[in-house]
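The chain that follows stands alone, in the form predicted alone, written as structure tokens.
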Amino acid sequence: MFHVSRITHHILMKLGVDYYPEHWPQERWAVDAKMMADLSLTYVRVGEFAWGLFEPSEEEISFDWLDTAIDILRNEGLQLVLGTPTPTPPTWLTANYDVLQRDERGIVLNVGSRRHGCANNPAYQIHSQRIVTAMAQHYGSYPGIFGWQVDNEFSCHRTTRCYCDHCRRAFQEWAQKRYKTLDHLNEAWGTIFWSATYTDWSQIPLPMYSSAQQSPSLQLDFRRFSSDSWVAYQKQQIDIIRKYAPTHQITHNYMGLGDGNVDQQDYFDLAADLDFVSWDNYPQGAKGPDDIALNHDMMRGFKQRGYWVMEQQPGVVNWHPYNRPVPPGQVRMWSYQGLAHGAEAMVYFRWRAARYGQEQYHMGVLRHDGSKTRLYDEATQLHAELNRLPNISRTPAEVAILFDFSDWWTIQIDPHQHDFSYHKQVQAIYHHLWQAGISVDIVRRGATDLRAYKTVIVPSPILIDEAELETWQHYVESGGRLAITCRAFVKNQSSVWTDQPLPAHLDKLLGVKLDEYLGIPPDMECTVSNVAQTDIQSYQLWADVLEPTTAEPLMVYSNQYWAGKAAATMNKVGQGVAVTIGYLSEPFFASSVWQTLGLNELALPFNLPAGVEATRISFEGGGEGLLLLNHHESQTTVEFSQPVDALLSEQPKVTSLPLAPFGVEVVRW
């Protein structure tokens, strides 16, 4: 359990690039450094894939070439972020030691790529610590170093979970530490089912390829263990860096939640030992601009403070089935989106497009031939604009979404409905708020103090936490507005179904009991309506049929045999309300639910055009306003409910403001 307070973030974003001097002749380095300085960059990240150059053999470690590059860069006033090179073990290491991961079929991941080392492999740990120690000793007091990035993109290429013998033994030790006795583990996992009772710790398997699904309890704990393994691996490096470079800042570059990798790693746990979180933002491929906004807010939420974008897409990328063009102004607009959500640094990946390797079609600030791309001019414009804007801060959010990776994993393992997705539900909730211009904090389930927020939304908290119930009860009694969605408090922390009526232990707070839960396949047409039948919505995938005890119905099911039963309810508790939402729909919130949660009071007093994002800001010395982003390729117009001053375009007292394609504006009331 932990305390959460609203995040007030002063907007002061610096710019940087990811640079690979080892890819270019040494005589070019000074040219690059001068161009970076001319662009008014502050940070340069280097080194995260250079293990083989630092340590060309087991008998030799040298940083001479990087010393030269760092000296050239810092002489131009640039600050360095050093990446520990452990995602790319050198070929001599993989040839002489079996450090490679195994997949769920036991097949060895081949060399020649990245992220193929195993976090629980002793040889990989020893050699990782050796190179990091050498780097930290060498650069701990070296001039020009701002900080460190540990490794690179944990979970990328779905490499969090390894199924080798080292991981099996480590998992057995992890389980023994967690459950103490086999009797406790057998009871917690329900191993009596399908005769899976263990009589020795060595019998506990990894959830590898099998004839049918393995125990959901085994699978959930293996996911926790795998995430913990990389948290521990990261901490080994952090402890070394803190010993030899105690004044340096330490981060790790996360990935976005929609890219198919992040579901493997508990990012809250990974953040605990870091000074700040950073992430790699590649907007193309996302469902929409609101998904990128959600990722930004997630990154701010992992440590409840500002964060960095350590890799910002600078133009076309190389890995999608179809790699779309990036029109003029879009990268500038993406940069402002990071600024709006709390990014303290915007680091473009990469400085110069690579001539070889797996990313040759990935554009940089410079082309392959070293000439400037359009981004160079956009970054120049961005820097000039940031310098002339008044001091502003991001207005603290009044809405929180409570997020939990174990809830995500539990539903993933046993979704009951193929398309039921915890992550997509969070996206749907966030999208509705984003469209209304409502700022959101992402907060970890388990926060003990939610008083900073007027409304708190908890998507599908499937795992029971009775201690957390006390926090929610106090929050509502004190005037808070709490919404809990379907599949709430169903299983214990080991993913075993409760023997209590559903929602277990939540029934008094919510004022409902669960009559039945229903999976809704795609061929069923199902609707809900408010009691007056003036607001009708279709819903998909799931229906918790609710039986109110003290709650009042807000929405009822309109058809099928459960027609007339409660679909969403409101229970008055003390000075606040607890709302239950038993179905999934788009838009997520029906009007009656939206108003009961007070979201109409928090929304902007005017409608935003589709694809326009608004972030509330405050000005130093007084005054409020918005940072507006047009995510469309066409011009759109924002109609305000009162006159505003447009600061970037220097237009005073306007009530109608055109936004160019991928346009940006800062307005003050």
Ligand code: GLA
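All values derive from a computational prediction rather than experimental measurement. In case it trips you up, residue 1 is the first one in the sequence shown, and so on.
Same protein, other form: the form predicted together with alpha-D-galactopyranose, not shown, and the subject of what follows.
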Response to the item:
Checked Asp291, Asp407, Asp280, Glu468 for heavy atoms within 4.5 Å of alpha-D-galactopyranose in the predicted complex; positive is Asp280
Worksheet entry | One residue of Trp319, Tyr561, Phe193, Tyr209 in contact with alpha-D-galactopyranose, assessed in the predicted complex (non-hydrogen atom, 4.5 angstroms) | Trp319
Response to the item:
Exactly one listed stretch (436 to 444, 334 to 342, 478 to 486, 355 to 363) reaches within 4.5 angstroms of alpha-D-galactopyranose in the predicted complex by non-hydrogen atoms, and it is 355 to 363
Worksheet item: Contact between Thr160 and alpha-D-galactopyranose in the predicted complex at 4.5 Å, heavy atoms?
Response: no
Discussion item. Taking any heavy atom pair closer than or equal to 4.5 Å as contact, tell me whether Trp65 reaches alpha-D-galactopyranose in the predicted complex.
Written reply: no
Discussion item. How about Phe49 - does it come within 4.5 Å of alpha-D-galactopyranose in the predicted complex, if we only consider non-hydrogen atoms?
Written reply: yes
Worksheet item: Is there a non-hydrogen atom of Glu153 within 4.5 angstroms of a non-hydrogen atom of alpha-D-galactopyranose in the predicted complex?
Response: yes
Discussion item. For the stretch 111 to 150, I need every residue with any heavy atom inside 4.5 Å of alpha-D-galactopyranose in the predicted complex, listed N to C.
Written reply: Arg114
